[in-house]
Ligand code: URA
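For reference, the chain that follows is the form predicted alone, supplied as C-alpha cells.
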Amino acid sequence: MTTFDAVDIIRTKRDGGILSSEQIAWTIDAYTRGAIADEQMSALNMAILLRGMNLQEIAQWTAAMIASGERMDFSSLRGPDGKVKATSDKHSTGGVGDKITLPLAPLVAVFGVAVPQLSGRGLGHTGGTLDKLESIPGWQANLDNAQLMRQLSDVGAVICAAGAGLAPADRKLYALRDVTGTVEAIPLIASSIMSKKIAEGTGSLVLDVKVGSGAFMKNEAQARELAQTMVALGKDAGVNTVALLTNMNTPLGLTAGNAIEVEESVEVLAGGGPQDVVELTVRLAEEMLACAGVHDADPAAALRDGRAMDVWKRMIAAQGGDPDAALPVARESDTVYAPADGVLVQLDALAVGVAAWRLGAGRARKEDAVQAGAGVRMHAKPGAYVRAGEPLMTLLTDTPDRFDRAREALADAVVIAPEGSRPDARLILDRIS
C-alpha cells in the first residue's frame, strides 16, 4: 500500500479537495494501526464535517472500514427444506422509546427469513437495544459466531452484540467523533452504519432513519440526504437496501427506559400495545420481508395469533433468558400532572429521552451502568384530550435524588392547546429506495 502524509490529506479535505481511494484506504488502515494520531484524525473528521464528501469518497471510506476487520457469511444457513435461508436486517438511527427491534426480529423470522440483528448500547438520550434486553433475567448479549449461526438456524432470529472483529476502524473512529463534535457529519454517520451492516453479511437491509427533536437528524432534508447516501452504499455493496423516514418528534409508544420498553414490546407480541409501535413494527416487517423476496406474508396476523410471541420466547431462551420471569421494577416513582385542560399537541421526544437518561435509564459514557427499571411511562400521546391534574407521565428510578433533574428536562416538553387542535400525527414520512 502506498504511504501518504496525514497532514497533506487533512489539507486536501480542509481546502475542499477530493480524496483518492488510495489516500482513503491508507488513512483508515494507518489510523486503525495507530500510525495516525487521534489529533490528526480529529482534524480530518472536522474537515469532512465542514467540507463534505462525494458518494465515491464515502463508498471508499466505507469499504476501507469494512476491510479493517472480518466479514460474516450466512450463505451456509439452511431452512427445514434444505434451501439457503434469506437474511434481512433492520437498523434504526436511534430515538426515544424505540423498542421496535424487539418485536420485529421474531416477527420477520415467523416467515422463514433469518434475522441477524447485531445491536448496540445506548449513549445519551437514545436507548440501546442490548440495554433493554439485559433487563430480562439471565439474557446474554455476547455470542460467538458458532452460537449465532446455530441460533439463526434453530430459531431464525438473534439479537446480540456485534463482535469486536467487525469494522474495528469504526469502533475507534466513533469514540473519537463522540468527543470531538463530529458525530453529525453525514458521510461519517453513513459509513459508520453501513460498514458494520455490510460486514455483517446480511442479504437485505431496511433502514429506519429518524427525523425530529429526539433524533440525530433534526430536519427532513438532513434525514433524506443520510437515507439516500446509505441506500446507495448498500446497493453498491450488493445489499438490497431501502429506508423509511420516520417521525421522532414524539417518543415511540408509551415507555422510555429498559425493562418498561421490554414490557411494552411483549404487549405488542401479545397482539396489543400502542398503535404507533404496532404500525411501525408491521411496516418494517413488510419491508424486510419484501427485500428478502417474501411478498405474500401478513405480519399483522402473526402478531395477533401468537406466532411472533412463540419465536420471541425461543429467541430469549436461546440466549439464557427467562421470557416468563418478572422484569425489574424501579423502587421510586414520581408523577408529572397535566397543567391545563385541552389537547396534548406536543410531547417532546428529546426532553423525554433526557429525562429517562437522568433517571438512570441511559449513560453519559460507554462504561456507565444503567438502571433496568428506570425511565418514563407516558399516560397520553399527542392528539389526546387531557384534564388539569390528570397524570401525564410517571418517572421511575431507584435513586429519588434524580427526580429534580428529570423534571427540569421536562419543563418545556408538553404543549396543551384548546380543544379542536390537531398535532401532526404522521409516523412514516417517506420511503427511499
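Treat the numbers as computed from the prediction; the structure is a model and nothing was measured. One-based numbering along the sequence shown.
There is also a form predicted together with the ligand; it is not shown, and the following applies to it.
When the ligand is considered in the predicted complex, only one residue from Asn247, Ser192, Gln117, Asn240 comes within 4.5 Å through any heavy atom, namely Ser192.
With the partner omitted from this view, the residue of Arg283, Arg358, Arg177, Lys85 that lies near the ligand in the predicted complex is Arg177 [heavy atom within 4.5 Å]. A residue is said to contact a partner when one of its heavy atoms sits within 4.5 Å of a partner heavy atom; Phe216 meets this definition for the ligand in the predicted complex. Using a 4.5 angstroms limit between non-hydrogen atoms, Val266 is distant from the ligand in the predicted complex. Contact annotation: Val158 falls outside 4.5 Å of the ligand in the predicted complex, judged by heavy atom distances.
Contact check for Leu188: a heavy atom falls within 4.5 Å of the ligand in the predicted complex. Residues placing heavy atoms within 4.5 Å of the ligand in the predicted complex fall in a single listed stretch, namely 193 to 201, out of 298 to 306, 193 to 201, 68 to 76, 132 to 140.
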